[in-house]
Every structure is written in structure tokens, then in C-alpha cells.
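A lone chain, given as C-alpha cells: the form predicted on its own.
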């Protein structure tokens, strides 16, 4: 990276305004976990959308998660949620198309099924496996970015980690991994956000065109002269068609991959970084354990994704079926409440407690089955590298008493933290 990240602060200003995401997602929702616990106590599947099951108007689902005229059921238990993710013939990702995701991101692996999904996902799967996350992503992209970002604030007595570190890192990781310059990555992410959150059709169209121009230049350059980045690999990847013929991906296919991974990778990792940090700083004895034994950071990150994750995924019932005793007709929309499933007392003792020493059991924070999160290993590598560097560099890091203590908030679908003001020494 040749650019000075410190000079990018003005361009990044306001990009990591969590309140804007909350407003776009249907408005702030107080702690949903007591409501989740009540639903879990009553059963694994409930009639109605997640908002309705929590006693709220359906519009509070936000973010396209509620489409008037559709029947909704909400799935809350770990076993039932896992079943939904694994039974891909019964519960389909067509729900995303109903929400309009295809209009914003194009034809992506998020909305593909069956053999077609496997063929397209296989094109990039190896670049997101644990080995690649710990080698290429870490060595070529993440570690350098972490050092450069810390350098922008390491001489200050205090900092808002959300604005200066946790927000920029995932954005710059995915855009740099795809071969964009810093300025291009910032502008591309800004236009992607406008495509999703701008309330006016005209604004979304303008954002689509602006993001498209950035992608077109990068993709055309890599098609002509490949480099060590993911766009180059996509530009020269070969896919097999149903008839056995083989071809390279076209421009629209490459662009769709880029839009999806850049947006999803930047959003969720940003929020989860803050949550993992928040959990450790609010549990000083566990933070001390991590500082004494950095190998525990892996447990701390996995526990943070179980303890507090985004609230729901959508699925659609593809044929008449039964889920844990509840009959579901074809066409029904499902709200898959992973936040509830990850605190199911049938699976975890004291599930509301953040505990890095609890015996590990798989959660559904990253989904499950063939549509499990493609970037989960890269995300965990980012979080581990970032937190590891922070705790090593600033062993006395703590909340800034002159600022309001942070708290987790969010909408029905997106949960996280806003400002994270800390003292570094």
C-alpha cells in the first residue's frame, strides 16, 4: 500500500456511522436477548416475523426483511436453525431475491443454488480457506494494514477505535484484496452503501453507475495484466458449463462477486471487531488471560461471534414441509434468528455469559451448510491480527472515562457498537 492512510481520514469521515445503519434497518431496538429467551422457552418455531414475535410492528424488521402480503415464521432454536441451513431443498436462498438483493448486487453465489452455486463458489473458495487467510490474506494484506492504521493514532493518548481502526480495516482489507487502490476502495464502498441505504431511486441509480465505473477500470486492467489480487484471479478463472464446455467469467460475473464480498466483508467484520473488543474489555479477567496467553484470542473471537451476532437471516420455504413439528407451506418466508439460536440453553450452559473458557461448540454465527459464510476465516484473521496488535502495543488499554461508555445497539438485522473511545496508556 503506497498511500498514506492518515490522509484518508477526511474521506472516511462519517462512513462508519453506526446510527445511520440502525436507522436504515428499521430503527433502534433495545436488547433483544430477553425476547429471544422467551421465544426459546416457548418452542423452536413461531408464527410471524421476528419483529412480530417480539411484540413489534412488522415494519421494524427493516432492511427489506419484511415484504407485506407474505406469511412469515421465525426459527429460534439452535437445532431448528441448523436444520434450515442444511435442508437446502426445503429452505432456499430465493428469499434474498424477494428482498431485492439481486437488483443491488447482481447474480451472486448468495442467491445461487445447487450445482451452479457449487461451481461458482469453487472458483474462489480456496482463496478464503483457513490456509489462505493465515498466509496470503494475513501476509499480503492484513498485517500491513493493521500496522499502518495503528500508526495513525499510536502517538495519541486516546482514540475512537471504531472510526480510526475497526471500521477502516475490513473495508481496506477486502478492497485491497480485490486490487483496488485506497481511494478507489473508499469510494467504491461509499457507493455500495448508497446503493443499499439511499432512500431515493435516483440516488441508488447514481451510486450503481459510480460503483460500476470503478469496477470496470479495475477489472479491465486485470484482464489485460493480472496481478496478485482476487480480481486478477477471477478475471482469469475458468468455469465449466452444464454441457461440459469451459469459459472465463464475463465482466458482470466478476463485478457481482466484487460487489457482494466487498459489501458483506466490510459490514459484518467491522461490527464483529467492535463486539469482540467490547466483550473482552468488559471482562477484565478474561482480557488478562488473553494478554498472558495470546493463543486464547481464537477462543475469544469465536465466543464473541456466538455471544453476540447479527440477529437474522432470510430463507424461503420451497415446498410444503415440516420443521420441528410446525407445518410450513411452500412460499412462506422464514426469519432465521441466529442471535437466538446462539444462546439456546439446550446447547450452552449459561448462554448469556461471555466465557472464552467454555468448551467449544459450533454456533451458527456464520451460517451452516453450503451457504455458510465464504469470508469467515478471513474475518477471524482480521479480528485476531487487529486485537492481537492492540493488546500487545497498548497493554493498559481501557475505556475513556471522559466519554460515555459504549453499548451494543442496532436494528432487528444489524447489531453492533458506535463510538469506542479508549485510553491507550
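Positions refer to the first chain, counted from 1. Source: prediction; values computed, not measured.
If you look for the form predicted in complex with protoporphyrin IX containing FE (HEM), you will not find it shown, but the lines that follow are about it.
Exercise. Would you mind picking the one in 379, 54, 29, 386 that has a heavy atom within 4.5 Å of protoporphyrin IX containing FE (HEM) in the predicted complex?
Key: Here the answer is residue option 379.
Quiz item: Tell me, which of 399, 33, 366, 391 has a heavy atom within 4.5 angstroms of protoporphyrin IX containing FE (HEM) in the predicted complex?
Solution: Checked against the cut-off, the match is 366.
Exercise. Quick one: find which of 142 to 150, 183 to 191, 286 to 294, 261 to 269 has residues within 4.5 Å of protoporphyrin IX containing FE (HEM) in the predicted complex by heavy atom distance.
Key: Stretch 261 to 269 is the one.
Quiz item: Is there a heavy atom of residue 354 no more than 4.5 Å from a heavy atom of protoporphyrin IX containing FE (HEM) in the predicted complex?
Solution: Heavy-atom contact with protoporphyrin IX containing FE (HEM) at 4.5 Å: absent for residue 354.
Exercise. Using a 4.5 Å heavy atom cut-off, state whether residue 315 contacts protoporphyrin IX containing FE (HEM) in the predicted complex.
Key: So residue 315 counts as contacting protoporphyrin IX containing FE (HEM).
Quiz item: Does protoporphyrin IX containing FE (HEM) come within 4.5 Å of any heavy atom of residue 348 in the predicted complex?
Solution: Residue 348: no, not in contact with protoporphyrin IX containing FE (HEM) in the predicted complex.
Quiz item: Could you tell me if residue 373 has a non-hydrogen atom within 4.5 Å of protoporphyrin IX containing FE (HEM) in the predicted complex?
Solution: Residue-level check for residue 373: yes, a contact with protoporphyrin IX containing FE (HEM).
Practice problem: Just give me the residues of 94 to 119, first to last, that have a heavy atom within 4.5 Å of protoporphyrin IX containing FE (HEM) in the predicted complex. | Solution: 96, 109, 110, 117 sit within 4.5 Å of the partner.
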